[in-house]
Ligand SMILES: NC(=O)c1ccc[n+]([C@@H]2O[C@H](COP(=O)([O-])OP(=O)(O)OC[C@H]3O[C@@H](n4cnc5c(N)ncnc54)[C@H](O)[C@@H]3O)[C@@H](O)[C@H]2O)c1
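Here we start with a single chain on its own, the form predicted alone, put down as structure tokens.
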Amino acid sequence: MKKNYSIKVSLKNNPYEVLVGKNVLRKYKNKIFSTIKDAKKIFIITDTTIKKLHLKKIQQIIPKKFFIKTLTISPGEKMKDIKTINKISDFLLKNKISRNDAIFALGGGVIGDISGFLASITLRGINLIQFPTTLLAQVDSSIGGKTGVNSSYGKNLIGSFYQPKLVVCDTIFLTTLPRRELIAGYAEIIKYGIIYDKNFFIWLNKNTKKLLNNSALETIKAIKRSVEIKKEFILKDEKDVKNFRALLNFGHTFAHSLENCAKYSKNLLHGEAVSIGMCMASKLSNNLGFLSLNNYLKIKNTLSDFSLPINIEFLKKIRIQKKQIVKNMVYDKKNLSGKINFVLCKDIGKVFVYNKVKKDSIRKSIS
């Protein structure tokens, strides 16, 4: 098996590549900078944790001809708001950023989302290169062009679609990732098997121990296949207008509500929320007669085998109420005409959008 891959996201207007492998940062250095050949300035956006761990890796590969500025924010989902956007945009404009210059997003999903949104609105469009440092960001949020920040009404309700010039998924970043965050990333990887590829789901079950033990080849294969699957959804529905890309949100209607209930705190990581959300969505699918009990249990057990949470018992310290979980769903961005859109499961590898769910059925699926 190859150790490095270049996956082409062949969009008509904004094609780009996703580099996957170990040490691709150095091996593909020329490719990285050929995508921003007219830039004079590079603005690195990161957080205080990632700055200590990985900033030097980026600085060391940047040619001396570039003017480099780094802006560092505090880590965490709470930074994903308009106040942060205003602060960073002032910094960019004060330092005379131009349209030919580039923003380097160095960090997890929060940094990627913030940087992407800033790149889309600053001077109506700046070059963006994503350097995702978490497993979850490498397989999900860095790819596809969805950017945004949170509102008091819910997650990612303020945002835009803006494709990067390049995504660099270097597994060397994952070596410093806390185990809890690594495990959380597997929720999104398992999701791809559930929504699109049954054989991948089976492969994940067979290789659970190797993946949790950071086996290099298996990890790269899992990232590569996840990127390939997400690419298929992006190519068919780039801006989420055909209800096809919405299928990527399996479990997320519940997950985003849970994150809101947890006040976007460290008590609940995004991947953990997605894992619980997928269990709830699978239970709802079973309760409504779409998914067999056997497949519901397979999904639940797979998540459990990856040491992911599978119910709200995980959040017992917060004492979340079911009625609040349901209430938060009203503001989900996938909703249309006042109806809550759920992604439900017919079989492992087959999901669909459904909006004829009564609130009583939703409550019964929350456990």
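Nothing here was measured: the structure is a model prediction, and the numbers come from that model. So that there is no doubt, residue numbering starts at 1 and follows the sequence shown.
Not pictured, yet referred to below: the form predicted in complex with the named molecule.
Taken together, K27, E218 and K231 are entirely out of contact with the named molecule in the predicted complex: none brings a heavy atom within 4.5 Å.
Partner contacts here mean any heavy atom within 4.5 Å of the named molecule in the predicted complex, and among 81-89, 195-203, 174-182, 283-291 they occur only in 174-182.
Residue in contact with the named molecule in the predicted complex (any heavy atom within 4.5 Å), chosen from A137, I190, L118, L258: A137.
Although the partner is absent here, N156 lies within 4.5 Å of the named molecule in the predicted complex, judged by heavy atoms. Looking at G277, you'd find every heavy atom of it more than 4.5 angstroms from the named molecule in the predicted complex. Although the partner is absent here, C169 is not a contact residue: none of its heavy atoms lies within 4.5 angstroms of the named molecule in the predicted complex.
Interface residue remark: T133 is counted as part of the site for the named molecule in the predicted complex, having a heavy atom within 4.5 Å. Shown here without the named molecule, the chain has D47, T49, I50, L53, H54 in 41-71 lying with a heavy atom within 4.5 Å of that partner in the predicted complex.
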